[in-house]
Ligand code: ADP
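The chain below stands alone, shown as structure tokens; this is the form predicted alone.
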């Protein structure tokens, strides 16, 4: 079977399943075999009840001693039963599974597998999976792959499809030269692909994974280096010679910039006023003051007659940036000189995908006619029908790195392209007089004063803009130089003096009742709370807290008048934005969420962050989550709950307890990483690699970068016989991988 064959050709994959796989971006056999497991479930030997320990996942062979009883606490259904073996008795609890009452009868024999917790009164196995003894023994000792799924698709169906695909495809020609494989002790490609899905043991899995992680980093670094060669040393085509507005803003701010902010602003300003185009990354912890640096850069290009754009990862954050920027400039009295002593405000326009067709038309007209100086939005800034006039600067978030393709989209938008024609939302032509009407309405709608340049001058600006990327992800400099190899790097490594440090604690599951009381007390003070769970819904393979069940559990624990809602990545974009906006406006007291809130929302009133199963996240990601609180004037708190009961995991989490410095945490995290850390929920999520993680796999990243640089130095054109297959791979895969991972 050819790897380009549709997955619909596999046995057992009907039209419905094929569509579900498509939602995971799995369309071909090749896509399927490269869709790696996110976790592996190890089935250990059966244990006696007397030997089990709180915090551990275990399996017990038991008999039901007391038939199941069902009780309802508000909207949560709880099933309780008592089971026994020769060594003792144990309470078992299931949530929202009332039908089990008909199965869990006195004398019923079965194997239960789940996590054991100890509450205030007794030891309980929570929400275990039920097996027949023979079925469990068949799984015992094996490692079963666990895949990220979509609603309606089971792990069993996906696993079966992968197994069938691997058995029917021909061997893939290995593109990594034999010398590099030998030097770095890498597995053969076909072995690695088969083993990553169905490893016999942990040693095999580590060996296979190392090869695939190396491949991903190796091709990535090759792509970055080749892109840098094409884009480096570009001459600054923008005439930027003044920065008096930014100086005025700095003087008018109600606080003084930190020394770190001053240093980084000097680097940004030198780029904008210098002879070469800017392509700079600004790293800094949440709260270090990166946003004001972005505003200073935007004001500088605006003062010199150009436009600037700020792209945010979510609509909620885009709106928050828009409103805060309006208030900041108005509060500081920042005005643009218009000549002859006339002044006008800096005109700021918001552009997001959810805006109505009329609102977008108004925004388009203002942007094209240069009556919008600063444009703030989401990907609508590049995906919608926007024509810019002299766009000189684009500032983006790390989640939406603004690269070659996007720069081309912006630089090639010109007035003579009929963006107001029949292809737009209204499906009818818009002529010049009608376009002027849009501008008139837009001015009235947004209270914008006239004085912008004519759109005729747009043809003067067809060059790529300056690029500034803001990142709150703490990455040790050695790794940042590799990952962001095409960029200059600035670091804001100092927090403003007025920031209250977050108070942290690392606790086990027995602390939950105390945590719930504390959450309720904070809500009574008028504050808001985040609760993070690693899963969206209950998993048959993973034992960890999930958003849907936890929301119901929390409603049963907190007072009825406390408004609780949930948020996760499977929700529709509009629904997610509505929830985040409601939380930002104070309409929700407690938000139970996955890590989808890691970026994209700013709620100064939120003072508590509680993370369930904190041991399942990387420290860098936990630090990012912690950054959602501590943004206002009130004292903030972060509660990390270690659900594993492991002292080693607790030791790791204690690093967060000791420090709020993201770069220190990232460095310490690297020291503690071991091969076993790969078997968990993705650590950093950085750049969305398929299998590699820049923290867990830091050493592999370094060796891959070294190998890539050696190949380019010795055989830049991939002309040697041993590099021919690699050259084909780079040619066919580079743009696809770079666009997915980096742009």
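All values reported here derive from a predicted model rather than from experimental measurement. Numbering follows the first chain given and starts at 1.
What comes next is about the form predicted together with ligand ADP, which does not appear here.
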In the model of the complex, the residue from 586, 513, 179, 287 that sits within 4.5 Å of ligand ADP by heavy atoms: 287
631, 133, 344, 263 - the one with a heavy atom within 4.5 Å of ligand ADP in the model of the complex: 631
Interface stretch in the model of the complex with ligand ADP - options 557-565, 110-118, 606-614, 287-295, non-hydrogen atom within 4.5 Å: 287-295
Interface membership of residue 102, ligand ADP in the model of the complex, 4.5 Å heavy atom rule: no
4.5 angstroms heavy atom contact with ligand ADP in the model of the complex for residue 489: no
Partner proximity in the model of the complex: residue 602 to ligand ADP, non-hydrogen atom cutoff 4.5 Å: yes
Partner contact for residue 496 in the model of the complex: ligand ADP, 4.5 angstroms, heavy atom: yes
Contacts with ligand ADP in the model of the complex - residues in 255-272 whose heavy atoms fall within 4.5 Å: 255, 256, 257, 258, 261
